[in-house]
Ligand code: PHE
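Starting off, we have a lone chain in the form predicted alone, written out as structure tokens.
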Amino acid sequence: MAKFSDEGRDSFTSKFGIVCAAAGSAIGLGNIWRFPYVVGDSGGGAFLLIYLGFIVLLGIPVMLSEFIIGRRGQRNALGSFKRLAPGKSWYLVGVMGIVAAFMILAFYSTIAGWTLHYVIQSFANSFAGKTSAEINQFFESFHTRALMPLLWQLIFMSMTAWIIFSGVKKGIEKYTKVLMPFLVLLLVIMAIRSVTLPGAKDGLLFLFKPDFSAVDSGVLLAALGQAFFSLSIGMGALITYGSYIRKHNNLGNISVQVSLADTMIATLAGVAIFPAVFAFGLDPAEGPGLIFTVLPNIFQQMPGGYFFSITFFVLLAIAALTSSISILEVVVAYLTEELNLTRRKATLMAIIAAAFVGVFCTLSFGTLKNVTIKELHIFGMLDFTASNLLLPLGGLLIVIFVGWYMKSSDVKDELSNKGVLKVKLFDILMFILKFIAPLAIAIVLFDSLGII
């Protein structure tokens, strides 16, 4: 299989920049918003250990597969498959990834817009003196309205587009190298404050003390699904970013470091949230409302809560932004390389189209809440289609492509940087990609579709 090179192509300039960008793609609302309540709903520490096992067994090999396809093909999600499998139908995997990325950006921007609103409300100290019921009503009143959620969604989209306008080196890498360390710093501050609250010990025990009596097939499936979805697998973002990784960088080390960063952030989020939840006697399995209703209630009760409310929602907004730029880049890379548009035109076209669809997602919580397809409103339908169908199906086909279609010598050539690096555990990796990963992802797919 031919090796491709595009000398004039924009690329990441440092390993730190690669890790920040790729980790930023993986570390989004899913880690800070979804992960804590999934842990809380699945029994705590036992779930965490199982999740970590699946990250090693499944997450790293699948992430590595996407990086291999991207760097080998030196093109966007669709273009890389066309180059590596000319005349074959494998490019449809790239099409699915681009469609999934577009859908995700449309509905993801809705929730991201909410975080920006909460940043401003935290600065204004709007939650001070409010009861739990009043905070719940505040959220209900806000996210079911039309104008304000739409305004914040469009502001968030504009921030995302601004970074993508500047390119890979001067945009994505430049900003994620600042945003990611800042996010970690804010999360560490939050975690330190949380564990120093009276009664925080119970929260830490819940998070880290395994209770294997709570483990059932549902917990195993939840951990497997979380490991898959938390790493931005299956939507072409890592293929696109992989195409920007220079040939001398070690793909194996980068995959491990990104996975470690992703897991560290998710665990830190749990440390920041659970001790505070237990300290104030609240339910750790509260669900998605934990972020927008329970935590504001906690912040306004704790000493220094004003500062920590601002800190938390700022870091949540940063996490959303670092993910959204990787999602938008999937679509922009396709438009620039396959349709020969300038980056500026491609970004404007993609962001306007996604924002247009995103309007209907945002309104589906209020004005359009009665517009449903099989009992799902517009937001839910896009979320279900992308998350439950396109992402796991894309991930499944990606590992099959690397494990079965690509020559193992080509895979090893890419991992070893043309023989310069020693590739440890290569046979184990190929066994996972050929047999274990396809089976595991198929289980995630069937579970997410309600088949099992």
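C-alpha atoms forming the largest set that superposes within 1.5 Å between two forms make up the rigid core. Residue numbers here begin at 1 and follow the sequence given. What you are looking at is a predicted structure, and each value in this text was computed from that prediction instead of being measured.
Another form, the form predicted in complex with ligand PHE, is not on view; read the next lines as being about it.
Undergrad: Where, among 334-342, 202-210, 144-152, 102-110, do residues come within 4.5 Å of ligand PHE in the model of the complex by heavy atom distance?
TA: Only one stretch passes the 4.5 Å heavy-atom test: 102-110.
Undergrad: Check residue 26 for me: does it contact ligand PHE in the model of the complex (non-hydrogen atoms, 4.5 angstroms)?
TA: Yes, residue 26 lies within 4.5 Å of ligand PHE in the model of the complex.
Undergrad: Would you please decide whether residue 194 lies within 4.5 angstroms of ligand PHE in the model of the complex, comparing each non-hydrogen atom pair?
TA: Flag for residue 194 set to no.
Undergrad: Just checking whether residue 403 would be counted as a contact of ligand PHE in the model of the complex - the rule being heavy atoms within 4.5 angstroms.
TA: Result no; residue 403 lies far from ligand PHE in the model of the complex.
Undergrad: Contact with ligand PHE in the model of the complex for residue 160, defined as at least one heavy atom pair within 4.5 Å: yes or no?
TA: Residue 160: no contact with ligand PHE in the model of the complex.
Undergrad: Out of 240, 176, 362, 232, which one falls within 4.5 Å of ligand PHE in the model of the complex, going by heavy atoms?
TA: Filtering the options by heavy-atom distance leaves 232.
Undergrad: Of the options 273, 350, 258, 327, which one has a non-hydrogen atom that comes within 4.5 Å of ligand PHE in the model of the complex?
TA: Only one option qualifies, and that one is 327.
Undergrad: Fitting the rigid core first, would the Cα of residue 325 be found 2 Å or more away between the shown form and the other one?
TA: Comparing forms between the shown form and the other one, the residue 325 CA shifts below 2 Å.
Undergrad: Is residue 51 displaced by at least 2 Å at its C-alpha between the shown form and the other one when the rigid core is overlaid?
TA: Yes, its C-alpha moves 2 Å or more.
Undergrad: Is residue 266 displaced by at least 2 Å at its C-alpha between the shown form and the other one when the rigid core is overlaid?
TA: Passes the 2 Å threshold, so yes.
Undergrad: What direction does the residue 226-residue 357 Cα distance move in the model of the complex compared with the shown chain, closer or farther, given a change of 3 Å or more?
TA: Result: closer.
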